[in-house]
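The chain below stands alone and is given as structure tokens, in the form predicted on its own.
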């Protein structure tokens, strides 16, 4: 996608939707401010300085502005294109976020680029819970200081094996064959959520396949300014889908789903991979939306009230809001809505690592929006889960952030359905 700023008419409808503008009130931290900066820089690249780079790089890529824009200006996508051009400046140039991304992009490629790397990542995260070894892990050279704050949101128990190695029991008469996209953070830290997703799919009479060839979706690198890594991993995932024989790709991480639904943007239209990417895009569906369409049983009423956080790449990126609520209500949960449920929590991929101050401000705003008397916050994205959980533990320690699939599985499990 080329940077085309001409669509923006600077109407300002994007302002109240933008988290960084809501937080700072600065025009330069708004979508139309960023579009104007990009426009000026296209005309005169010599105007670039650290302040301009900081305002552009502060964009969370939450897509909220794109959803409300009457001209459909793809601001977040344009910022990604700008990062791809600028992210590899010399170390002494550019905002701090670029420096952090430069430091962690290599380790991210190693850990998330293969099943072997994921297994090592899972070990390191599990070891981080141990007092002595945890100190060593947190001070590894490639681990940014901001990761230590994020680690406060990790689950108390990290699985010992990747979710992809589990085998389920296929239904006797399946109505569909779905590839479960296991991801990277979901495959490691939230492996049980992948297991629960598979259980619920099979409960809904869907045959589930989990190709070992699949890789990280590539969103973290694409958002950070390294599309070539995302392109390579997209090719692996396209081949995994084609070899799986599945008609559907079920994704339970909002950021991964939004990324995979736009894989064709990684390739030129004359590239043979473009058509193959389009076929995968058509097959991708969010887990909560897909499960909501299946004939799952009605659950008994659950005792505690819950609330729902709408991940940016689910609500704004994919237009999915009601399906998670429908699924939770069918399982027996009563939902008390939180204000601004679709305002970004500050996680935004690795934004909480590269922009910790803004991420912490947005986290505080999100946690303070949780209604009183709520026991659990449902969030269908691993980054949101970890980031919100870290904020909840700082505030009270009693409220838990939980994936809606886990909540539904737990409700059915208590009734002996799964």
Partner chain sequence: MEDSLIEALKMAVGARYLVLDPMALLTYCCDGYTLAEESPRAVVLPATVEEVQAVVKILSAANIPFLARGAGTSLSGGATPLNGSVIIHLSRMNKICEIDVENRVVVVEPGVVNVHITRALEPYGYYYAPDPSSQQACTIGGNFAENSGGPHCLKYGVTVNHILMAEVVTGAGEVVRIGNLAGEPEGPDLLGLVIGSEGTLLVATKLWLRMTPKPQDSQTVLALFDEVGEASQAVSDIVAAGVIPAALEMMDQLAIYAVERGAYPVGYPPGLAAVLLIEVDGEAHEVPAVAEDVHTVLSAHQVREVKMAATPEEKARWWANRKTAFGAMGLISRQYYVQDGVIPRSRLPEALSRIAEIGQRYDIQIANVFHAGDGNLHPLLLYDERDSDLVERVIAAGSEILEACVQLGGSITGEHGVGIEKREDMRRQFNDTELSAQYAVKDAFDPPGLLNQGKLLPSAPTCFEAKPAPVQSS
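The structure presented is a predicted model; accordingly, all values stated were derived computationally and were not measured. Positions refer to the first chain, counted from 1.
What follows is about the form predicted in complex with its partner chain, which we do not show.
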Check: Are any of the heavy atoms in residue 15 no more than 4.5 Å from a heavy atom of its partner chain in the model of the complex?
Finding: yes
Next item on the list: Look up in the model of the complex whether residue 41 has a non-hydrogen atom within 4.5 angstroms of its partner chain, and give yes or no.
Entry: yes
Item checked: 4.5 Å heavy atom contact, residue 27 to its partner chain in the model of the complex -> yes
Next item on the list: Please run the contact check for residue 71 against its partner chain in the model of the complex: heavy atoms, 4.5 angstroms, yes or no?
Entry: yes
Notebook entry, point to check: Just one of 382, 33, 349, 61 has a heavy atom within 4.5 angstroms of its partner chain in the model of the complex, so which one?
Noted result: 33
Next item on the list: Could you spot which one of 386, 37, 370, 359 gets a heavy atom to within 4.5 Å of its partner chain in the model of the complex?
Entry: 37
Notebook entry, point to check: in the model of the complex, which residues of 39 to 60 put a heavy atom within 4.5 Å of its partner chain?
Noted result: 40, 41, 47, 49, 51, 52, 55
